[in-house]
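A single chain, nothing else alongside it, follows as structure tokens in the form predicted on its own.
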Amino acid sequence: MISQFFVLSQRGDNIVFRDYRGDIQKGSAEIFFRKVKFWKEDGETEAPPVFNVDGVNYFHVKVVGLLFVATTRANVSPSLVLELLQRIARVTKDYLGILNEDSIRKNFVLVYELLDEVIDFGYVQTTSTEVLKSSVFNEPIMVDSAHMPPLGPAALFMQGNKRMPGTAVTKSVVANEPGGRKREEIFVDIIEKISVTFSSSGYILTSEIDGTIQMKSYLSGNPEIRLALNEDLNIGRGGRSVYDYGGSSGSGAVILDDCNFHESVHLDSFDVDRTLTLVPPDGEFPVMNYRMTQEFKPPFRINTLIEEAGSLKAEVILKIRAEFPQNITANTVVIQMPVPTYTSRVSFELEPGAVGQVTDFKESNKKLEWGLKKIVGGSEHTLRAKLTFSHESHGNITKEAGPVSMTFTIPMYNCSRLQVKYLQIAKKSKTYNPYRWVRYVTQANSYVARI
């Protein structure tokens, strides 16, 4: 049970506000934003997703720069409310096509209609896009995606050498194409977030993959779909190693620790031939979530060396090597490394001919930052940083610096080697042949190398 729901912009502007029960003061949105913006409790600089102020519980999630917030005085399950906020964001995106401040403001009547159907007097009714279609009648006003900032990896749907039309991931599930037609197509994403910790000598201490198979359907008539995964897929630890250097195209068994499926998925033939059968509901939804903790080949190797160069100087050498095939390119790579707190100045030296690389010294939190626009598979990049200290170090500089952390996105690559072998759609007629788009994306969740 929630009392209020509101959406705030990054500036703290109230874009949407709905008070369901009237038992919380009207200025709650401003109280929340001030608390989040100037959070300094528990030694943290970022507010947790759930906190309490003057007897009011505030729950929030950040989605594409917008804050989705719920308040209540009741003792409710935090995970339930956070999941509700994520689902409201997903349903809103399904209807508007693009989720941002501009699209919500232009479609505020539709958004309020959705909220009234999703929540009644603070109680959740439904968050299913398909169910809502029968009771929500406002048409979305489409925002031109040409004026949107680049979608980055989200726009890199590919099928062979064909590239997906740029507007496909920004389409509403209820609006038709110009001319009243509806383009028959379906999108499947295999998104993996990887967590790896390296020791100072380069050995892997921990490694984990959190993956999901996302689907978004624009098929009319909701036809049945058969989605086939690797035949040698095993669920549960089998005691075997899957340390295979073939990357996403390698052979060998794929062993997942555990997985769960969407309620629409039928598993009748899954144990026999690893095929999932489903009738996809409208909107975006996770077909399958999975987790893998056995060893896999990490996409990057990080080598760090720190050498003292006198009493008030030191040199840091950072080397990054891409361990994936040459036909794969990683995007938006950022490497960060904390340096000793008494570092006063840093000068950087990049490789000769380096293109698309930026360096920065964040003096407020004493961190080096190295950004690379893209890294091609098999390549190696080096950064040298000369540190100047405000006073002499009396300890081990290596212990006062690091660890090195890394964020990246690698389209069309996955570490687990889980693959969609085929996507079969029940035919309505001989000429029925909808577009099928499948992409793989690997992202860093926590990619850390100790020094």
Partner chain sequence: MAPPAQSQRSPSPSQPSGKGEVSDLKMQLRQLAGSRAPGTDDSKRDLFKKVISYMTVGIDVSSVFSEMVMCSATSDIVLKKMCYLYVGNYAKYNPDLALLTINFLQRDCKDEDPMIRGLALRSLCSLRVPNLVEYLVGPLGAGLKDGNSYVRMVASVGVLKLYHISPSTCLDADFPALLKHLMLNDPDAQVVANCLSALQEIWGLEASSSEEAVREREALISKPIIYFLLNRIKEFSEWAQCTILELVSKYAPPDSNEIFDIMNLLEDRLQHANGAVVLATIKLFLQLTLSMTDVHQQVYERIKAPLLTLVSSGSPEQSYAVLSHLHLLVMRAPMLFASDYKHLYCQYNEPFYVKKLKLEMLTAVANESNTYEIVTELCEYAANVDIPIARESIRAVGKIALQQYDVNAIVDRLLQFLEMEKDYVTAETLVLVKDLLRKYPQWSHDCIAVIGNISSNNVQEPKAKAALIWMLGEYAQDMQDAPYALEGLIDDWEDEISPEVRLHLLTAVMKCFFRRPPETQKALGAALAAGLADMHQDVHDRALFYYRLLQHNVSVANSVVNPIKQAVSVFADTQSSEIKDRIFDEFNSLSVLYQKPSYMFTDKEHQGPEDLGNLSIGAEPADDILPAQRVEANDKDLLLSTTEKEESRAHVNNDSAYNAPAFDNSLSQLSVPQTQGDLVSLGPTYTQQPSSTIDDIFGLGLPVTASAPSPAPPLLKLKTKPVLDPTAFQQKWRQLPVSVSQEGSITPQGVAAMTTPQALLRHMQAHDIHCIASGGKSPNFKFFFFAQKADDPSNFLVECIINSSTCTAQLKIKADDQTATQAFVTLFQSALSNFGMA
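Just so we're clear, the structure is a prediction, and the values are computed from it rather than from any experiment. Positions refer to the first chain, counted from 1. Rigid core (definition): largest C-alpha set, two forms, superposition within 1.5 Å.
A second form of this protein, the form predicted in complex with its partner chain, is not displayed here; the remarks below concern that form.
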* Asked: For Leu229, is any heavy atom within 4.5 Å of its partner chain in the predicted bound form, or not?
  -> no
* Please run the contact check for Gly55 against its partner chain in the predicted bound form: heavy atoms, 4.5 angstroms, yes or no? => yes
* **Contact of Tyr112 with its partner chain in the predicted bound form (heavy atom, 4.5 Å)** => yes
* Flag Val438 as yes or no: does it have a non-hydrogen atom within 4.5 angstroms of any non-hydrogen atom of its partner chain in the predicted bound form? => no
* Asked: Among Asp273, Glu363, Asp268, Glu263, which has at least one heavy atom within 4.5 Å of its partner chain in the predicted bound form?
  -> Glu263
* Structure fact -> Contact with its partner chain in the predicted bound form, heavy atom within 4.5 Å, among Lys421, Lys62, Arg384, Lys35 goes to Lys62
* To do: Look at the stretches 375-383, 126-134, 313-321, 352-360 and give the one with heavy atoms within 4.5 Å of its partner chain in the predicted bound form.
  => 126-134
* Residues of 63-79 having any heavy atom within 4.5 Å of its partner chain in the predicted bound form, listed in sequence order -> Arg73, Ala74, Asn75, Val76, Ser77, Pro78, Ser79
* To do: Spell out whether the Cα of Pro434 moves at least 2 Å between the shown form and the other one when the two forms are superposed on their rigid core.
  => no
* Asked: Has the Cα of Met412 moved 2 Å or more between the shown form and the other one, judged after a core fit?
  -> no
* Under a superposition restricted to the rigid core, does Lys386 display a Cα displacement of 2 angstroms or more between the shown form and the other one? -> no
